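Next comes just one chain, in C-alpha cells: the form predicted on its own.
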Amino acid sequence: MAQPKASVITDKMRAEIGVESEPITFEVDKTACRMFARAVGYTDPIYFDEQYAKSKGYRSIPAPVGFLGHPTYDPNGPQRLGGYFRTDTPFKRILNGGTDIEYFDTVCAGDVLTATSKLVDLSERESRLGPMLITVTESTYRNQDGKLVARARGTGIQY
C-alpha cells in the first residue's frame, strides 16, 4: 500500500494564519495614477486631467480600479512589499491566482494609505504539473484619516 504524501504545510505555516503584518505605507501620486490608467487602457480624462477630475467631484485624479499606490521607499529601512506570504517550500514557481479588491471609498492622488496583511488560508492541491500550495492573503488599506478604503484578497499558487 502506498504511503500518503507528507504535507508541505507545516505547523509553523499554520500558526501564521490570521497574524496581521506590520503596517506598510503606500503613496498614491498623480503620475502613477496616470501611468496605471494608460497601462490598462483607460481613456477617461478623470485619470489624466486633474481639473477635469475635480469638475466631476473628485479631490484630485482618482486612482484607477486595481491601483492602490506604491510602497513608500526608504533606502535606510527594510524593504517590504506586503501582502505576500513567504515561506520555505520545495516549490520553485509562483503564480498570481487572482486578486479581488473591494472598495469602501474613493482613493485619489495625494492619499497616503496604510496597509496591513494577513494570511487567511493555506491548502494543497494536485494538478497535472504535480502538487501545489495555495495561499490566500487579505490586505486592508486605510487612508491618511484612518478610514477603511479597500480590502484586497489575493491567491498565490506555488508549484
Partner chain sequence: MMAQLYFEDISEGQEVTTLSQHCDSQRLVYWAAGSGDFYQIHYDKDFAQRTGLPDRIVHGALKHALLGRMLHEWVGAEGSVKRVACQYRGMDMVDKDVICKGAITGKRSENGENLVDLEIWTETPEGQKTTPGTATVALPSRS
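Residue numbers count along the first chain shown, from 1. Note that the structure is a prediction, hence the values are computed from the model and not measured.
What follows is about the form predicted in complex with its partner chain, which we do not show.
- Task: Tell me, out of Asp121, Asp100, Asp49, Glu27, which residue has a non-hydrogen atom within 4.5 angstroms of its partner chain in the model of the complex.
- Result: Going through each option in turn, the one that passes is Asp100.
Practice task
Quick one: from Gly57, Gly130, Pro90, Gly41, grab the residue that has a heavy atom within 4.5 Å of its partner chain in the model of the complex.
Solution key: After the contact test, the surviving option is Gly41.
Spell out, yes or no, whether the shortest heavy atom distance between Ile94 and its partner chain in the model of the complex is within 4.5 Å. Ile94: yes, in contact with its partner chain in the model of the complex.
Worksheet item: Is Val65 one of the residues lying within 4.5 Å of its partner chain in the model of the complex, judged by heavy atom distances?
Response: Within the cut-off, so yes.
Next on the checklist: I'd like to check something about Met35: if you look in the model of the complex, is any of its heavy atoms closer than or equal to 4.5 Å to a heavy atom of its partner chain?
Outcome noted: Flag for Met35 set to yes.
Within 106-130, which residues have a heavy atom closer than or equal to 4.5 Å from its partner chain in the model of the complex?
Going through 106-130 in order - heavy atoms within 4.5 Å of its partner chain in the model of the complex - there are no hits.
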